[in-house]
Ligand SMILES: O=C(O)C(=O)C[C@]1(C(=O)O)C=C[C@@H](O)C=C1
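As structure tokens, one chain now follows by itself in the form predicted alone.
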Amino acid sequence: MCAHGERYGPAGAVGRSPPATLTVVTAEETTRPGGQTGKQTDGAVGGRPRYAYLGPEGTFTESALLQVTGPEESDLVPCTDVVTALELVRGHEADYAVVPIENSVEGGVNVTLDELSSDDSLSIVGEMLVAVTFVLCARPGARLADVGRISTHPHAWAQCRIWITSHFDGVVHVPATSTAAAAALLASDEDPGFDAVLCSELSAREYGLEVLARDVADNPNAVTRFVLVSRPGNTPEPTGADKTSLMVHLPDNEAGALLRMLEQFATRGVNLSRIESRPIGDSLGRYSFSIDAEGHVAEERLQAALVGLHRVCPTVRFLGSYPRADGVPTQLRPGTSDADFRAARQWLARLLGRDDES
């Protein structure tokens, strides 16, 4: 069922190297970069592609979606949670899904990481960045002094906790499935069980709420990263400024297994922009690693790293190669270009040819 909500959990990060610069839009902007929509698949109805996303209208997820497409050219399907949006793509009921995957304050979105890694039925084909800002809003006529219970998503509450505690004494958090869902409920329900919501200004306008305070986030530079997900077969062409996402399991109870896995990237000059641990779930102490590597699977050094991972790790899952949202070109270490790899293979082929002749 598709209606309200976006659910995602806390981080399990063990390391992160954020880009030096971020190209982001605010929730009010709808700039649409080209080259991310891929090919139309059989989820399209009447020639229009279908995009599932975390609703309701007014969410930060919708802002990310509007960087890619809009209602004049696609059917937009708001969904109750990450799982529902991705299941629509798996079931060929939607062509694409837009879901949050990482927040600069709270870290990885666990449900997205786990769902993408659970099988080979989905592939990331793009990413979008949205600057996350919050307002405190209520029904028209309300005052700050009237606020005793505030509803919002747990991630939003965590990002505004210091401001809340410095402006209110004993206020209660009422968790919601999304910031926009909280705003919609406050606007439509006579007794929602809370007095105010933390949401985007776009949501406040969407649902006719009055803004009591702006810029309430503790970190004014917070950014959420979203991914555009399709079924396999739509891998975008390399641009020179790309990411490749992977999920890797380590061998059990093997000293140095993590180091050996990381060496597969380091020896080929592949930089990692994100690495997070996630429990495999079958027993305590068994973890997989969700990884973003700089580069594209079409590049020789990424292919060599994948071959190395396949040799030393029991499970390696390719989740997609796609253009970086910030457009920063990959910096190649000397000896790691495609031409360097081809030259090395040609040299080896000549050696083997002389051996055969002797």
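These figures come from a predicted structure and were not determined experimentally. Residue indices: 1-based, along the sequence shown.
Heads up, the form predicted in complex with the ligand isn't pictured, but that's what we're talking about next.
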{"property": "Stretch from 176 to 184, 87 to 95, 264 to 272, 68 to 76 whose residues place a heavy atom within 4.5 Å of the ligand in the predicted complex", "result": "176 to 184"}
{"property": "Contact flag, G126 vs the ligand in the predicted complex, heavy atom cut 4.5 Å", "result": "no"}
{"property": "4.5 angstroms heavy atom contact with the ligand in the predicted complex for L136", "result": "no"}
{"property": "Heavy atom of S321 within 4.5 Å of the ligand in the predicted complex", "result": "no"}
{"property": "Contact label in the predicted complex: S245 to the ligand, heavy atom within 4.5 Å", "result": "no"}
{"property": "Contact at T61, P100 and H153 by the ligand in the predicted complex, all three, heavy atom at most 4.5 Å", "result": "yes"}
{"property": "The unique member of V132, L228, L113, A196 whose heavy atoms fall within 4.5 Å of the ligand in the predicted complex", "result": "V132"}
{"property": "Within 289 to 313, the residues that have a heavy atom no more than 4.5 Å from the ligand in the predicted complex", "result": "none"}
